[in-house]
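This document opens with one chain alone, in structure tokens, the form predicted alone.
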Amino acid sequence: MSDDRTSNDSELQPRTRALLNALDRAWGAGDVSALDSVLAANFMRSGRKHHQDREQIKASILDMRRAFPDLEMTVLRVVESADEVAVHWNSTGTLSDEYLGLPATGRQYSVTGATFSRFEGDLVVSETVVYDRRGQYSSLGVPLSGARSDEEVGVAPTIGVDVLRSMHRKVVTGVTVVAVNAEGEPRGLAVNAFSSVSFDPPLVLVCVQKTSSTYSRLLSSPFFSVNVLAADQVAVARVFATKQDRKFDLVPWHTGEYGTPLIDGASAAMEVELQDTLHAQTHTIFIGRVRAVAIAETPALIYTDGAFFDGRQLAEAVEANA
């Protein structure tokens, strides 16, 4: 644990210095036994939803250090009062092993927060922790958005899946294939939840279900491609709508400038650098910056009402008489 506090150690109370030293040993070196000397036997830590006793917080630290072996906590500021101390901190680390159900991505994450500790004598009896839940931890796909289930708010679900599906079938969408280079093997899936976020900067988003076999590859890859299928590529769309392996063996493709798989004959394609992810319960929204674009003259494939259409053959809508 590195130290960038505004106060010198000599200005802090001995019990605060002991606490910081124990935190350094626990988070920085994995010596969680150091906490036994500063946390009371009845210690309890409170977060937004969860509570942890002394043994549970020790197990939590070891689990994080397993997943983030280079984990480092930096103390930003320490504020003391009569019986309390507030420690403002930042933690960084590289996700190198499975954590909270997510695969190792090899990417670095950072989270900033504060811990408020209450002393009885020289021992901490309780803590409250707050942290940047909308910060870089959201990139892990961890449910940090704050959304609550129907059961938590006492609302009975009344909208059936069939009704929702019928409604969404009325929306006219293009047909895209999102693809990624997974350690030399091209992987991809059909996605109609694709949208532009902004032109300046050039950002787009795609929404991918977590059960997809491509999901973990998207999380761990710096680049992905979005292929807008052409009107004559219905067969390609059907291939990527399935769960079969090695889909790219069934379609012609080539490698783009940034190493992503690009489908031959697509109406348009772009290579995208992953910028951020947002958790949405069963799905994750991937936001990326467009780095390369290729556009053909072929019309795009359109999907609505459960059928595919030629994007150039759509009839112009006629305004009804008033």
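One rule holds for the numbers: they count along the sequence shown, beginning at 1. If you're wondering where the values come from, they're calculated on a predicted model, not measured in any experiment.
Separately, the form predicted together with a small molecule exists; it is not shown, and the next lines address it.
- Out of the listed residues Ala241, Ala182, Leu123, Val75, Ala241 is the one that sits within 4.5 Å of the small molecule in the predicted bound form by at least one heavy atom.
- Residue in contact with the small molecule in the predicted bound form (any heavy atom within 4.5 Å), chosen from Val85, Val208, Leu95, Ala230: Val208.
- Per the 4.5 Å heavy atom criterion, the small molecule in the predicted bound form is contacted by stretch 191 to 199, the sole one of 191 to 199, 160 to 168, 104 to 112, 86 to 94.
- At least one heavy atom of Ser213 is located within 4.5 Å of the small molecule in the predicted bound form.
- Using a 4.5 Å cutoff between non-hydrogen atoms, Val175 counts as a contact of the small molecule in the predicted bound form.
- Under a 4.5 angstroms non-hydrogen atom cutoff, the small molecule in the predicted bound form has Phe308 among its neighbouring residues.
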